[in-house]
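Only one chain is given next, in structure tokens, and it is the form predicted on its own.
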Amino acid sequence: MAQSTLVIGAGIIGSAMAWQLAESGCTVTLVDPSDTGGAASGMSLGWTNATYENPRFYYELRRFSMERWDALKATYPDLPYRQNGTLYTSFYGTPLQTVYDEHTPWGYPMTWVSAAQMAELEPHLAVRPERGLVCPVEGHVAPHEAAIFFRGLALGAGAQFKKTRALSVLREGDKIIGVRTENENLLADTTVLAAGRHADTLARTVDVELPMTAPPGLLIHTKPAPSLINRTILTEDLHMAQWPDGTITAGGDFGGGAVNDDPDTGAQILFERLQKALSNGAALQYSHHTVGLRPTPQDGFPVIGSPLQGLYLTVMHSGATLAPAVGALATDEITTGQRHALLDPFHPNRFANTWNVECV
């Protein structure tokens, strides 16, 4: 059923939602104080994968979304996404054998490679263990650019974009009716909170508590360089990828940690690691670093669903991997009332014992 919808947050998740909702025939207004593609989205490595933080139910959602990225790229060649694959020489303390044993029975394509094979795949990688893993179906997306791309598709499908900040959620009786912004009250049948780490603050205005953390993620960025990295590469203390413009982005971990606690010093450490990781890394030129606060529900899993009539939550890390799936599946639920089984483990009502409201 077509309906009016507000989408709060124009990062990669909110913009994907706005596009899919508009395509479905909804009247859509996308709300964000910035038009740059989102705060967290602009400070992400953009690695799309189904190995990180994975029980089976989370793997299935991530794998579904990866397949949608590939389908979207086939339809929209200018989408800033590529299936470049990943080379794993390490996985943040988890033995590669464990990663292989957990995922390949689920049908995830991971292949063992020797040091000699790694040299063929990534000739500029300076240090190679005796063996590693290659996953050819993983990819790389520029999340803030993809958010802007999806927003353009949404506007082309009839959505509106309002460059303003949402201050609180509006409630009338037992129904959410919209949001109060800096400039006006905006009303709609459904309000989607895709506001990243600000979603919990907005939800709290109607007594919905979202236990969240926002671990910092430090990334360094080089100036454009000749082609040195073909895939996303994970080593013992570094993850790195090279963008089409030649710049390289690298980080130390995905959940905070010592390197992230002092960004200036951490950036120097990461750049030195990057230079040592590549055979001609000494020629790399440092550009800058970014620190992104990753919106992460306390149990580590996405929050996707409706806790109150008229309110729908989409809060997660990682939006880079999950945006296509969330945009499609959440839109189906909002417009048809039917919830896909892939979303069932991620309903916000798992936190309901902390709320002062009656859930739907």
Ligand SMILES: Cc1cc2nc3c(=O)[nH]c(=O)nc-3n(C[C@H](O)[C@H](O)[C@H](O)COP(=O)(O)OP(=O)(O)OC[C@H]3O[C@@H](n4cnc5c(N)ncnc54)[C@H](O)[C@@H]3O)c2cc1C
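Predicted, not measured: the structure shown is a model, and the values here were computed from it. We number the residues from 1 along the sequence you see.
Note that the form predicted in complex with this ligand isn't included here; everything after this is about it.
The stretch that touches this ligand in the predicted complex, counting heavy atoms within 4.5 Å, is 192-200, out of 122-130, 192-200, 101-109, 170-178. Although the partner is absent from the chain shown here, 13, 292 and 295 each have a heavy atom within 4.5 Å of this ligand in the predicted complex. Proximity to this ligand in the predicted complex, taken as a non-hydrogen atom within 4.5 angstroms, holds for one residue of 166, 234, 146, 154, which is 166. In summary, among the residues 66, 328, 334, 39, the only one with a non-hydrogen atom within 4.5 Å of this ligand in the predicted complex is 39. In the predicted complex, this ligand stays beyond 4.5 Å of every heavy atom belonging to residue 188. Among heavy atoms of residue 324, none comes within 4.5 Å of this ligand in the predicted complex.
This ligand in the predicted complex comes within 4.5 Å of a heavy atom belonging to residue 47.
Of the heavy atoms in residue 316, some are within 4.5 Å of this ligand in the predicted complex.
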